[in-house]
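Take a look at this single chain in structure tokens; it is the form predicted alone.
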């Protein structure tokens, strides 16, 4: 059940003003978990251990992971390393992001899921608290990032915040995508087209599809009471992706690095209410 309220002609649910409190509670827990996981990201750590820690934190909060059991998925997080765009499976061997030599083409994966110095990773967590869904992701670095990787992270975070700035009644979802796309492309990077943000609230995924590219003034009109995620994926190279044989892991086709940030937001009378801000100030990996 999605709860009380009405739907627009585009099928987008409109929530009541007092529903923001439930979203803040769920979003705060998801963000707190990502705050607390930061100290555990270092060279030699495994993605399986990071996911185990995340599941432990969800359980300790008497909350529920939205991803465990979702369409057969069995983990409390998605962890996407280097040229993995999204939906990386914790514990799985990490795809190599550098272009392989002819000898390496037979082995496109690392032997295990252990992080090495300079790895970039996106950790994506969704929790359910009192029936409300809190969904957020952010970037981390194992060790010290290279200069071009730091710029990719910065551009992706800036693009997310520019998209959020476009959220206010009377604007359109196309305005959000246009703000993100134009900024990213001015930085000579690309926006992934194959994945998008989504509505949420009392359900994990619902209309609308929140595209991170598009034409200003296009798409449904934003109204107060809409809840959704904005989660741009930005590549250093071309935007094309492919999904690996596990049917989850999406990677860049040209093996370029990819980054992503995600917030859950609600439309207010004059802008956006961000449900997933980091209370510890750790949302952007400049803390390292």
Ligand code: MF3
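All of these numbers come straight from a predicted model, not from anything done at the bench. Residue numbers count along the first chain shown, from 1.
The same protein also exists as the form predicted together with the named molecule; that form is not shown, yet it is the one meant from here on.
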Note which of 168, 205, 110, 151 lies within 4.5 Å of the named molecule in the predicted complex, where distance is taken over heavy atoms; exactly one does.
205
Please pick, from 67, 235, 241, 32, the one residue with any non-hydrogen atom lying within 4.5 angstroms of the named molecule in the predicted complex.
67
Work out which of the listed stretches, 71-79, 177-185, 111-119, 214-222, brings a heavy atom within 4.5 angstroms of the named molecule in the predicted complex.
71-79
Decide whether residue 87 counts as a contact residue for the named molecule in the predicted complex under a heavy atom distance cut-off of 4.5 Å.
yes
Quick check on residue 156: any heavy atom within 4.5 Å of the named molecule in the predicted complex?
no
Please tell me whether any heavy atom belonging to residue 51 falls inside 4.5 Å of a heavy atom of the named molecule, as the geometry stands in the predicted complex.
no
Contact of residue 198 with the named molecule in the predicted complex (heavy atom, 4.5 Å)
yes
What residues of 120-158, in sequence order, lie within 4.5 Å of the named molecule in the predicted complex by heavy atom?
124, 126, 135
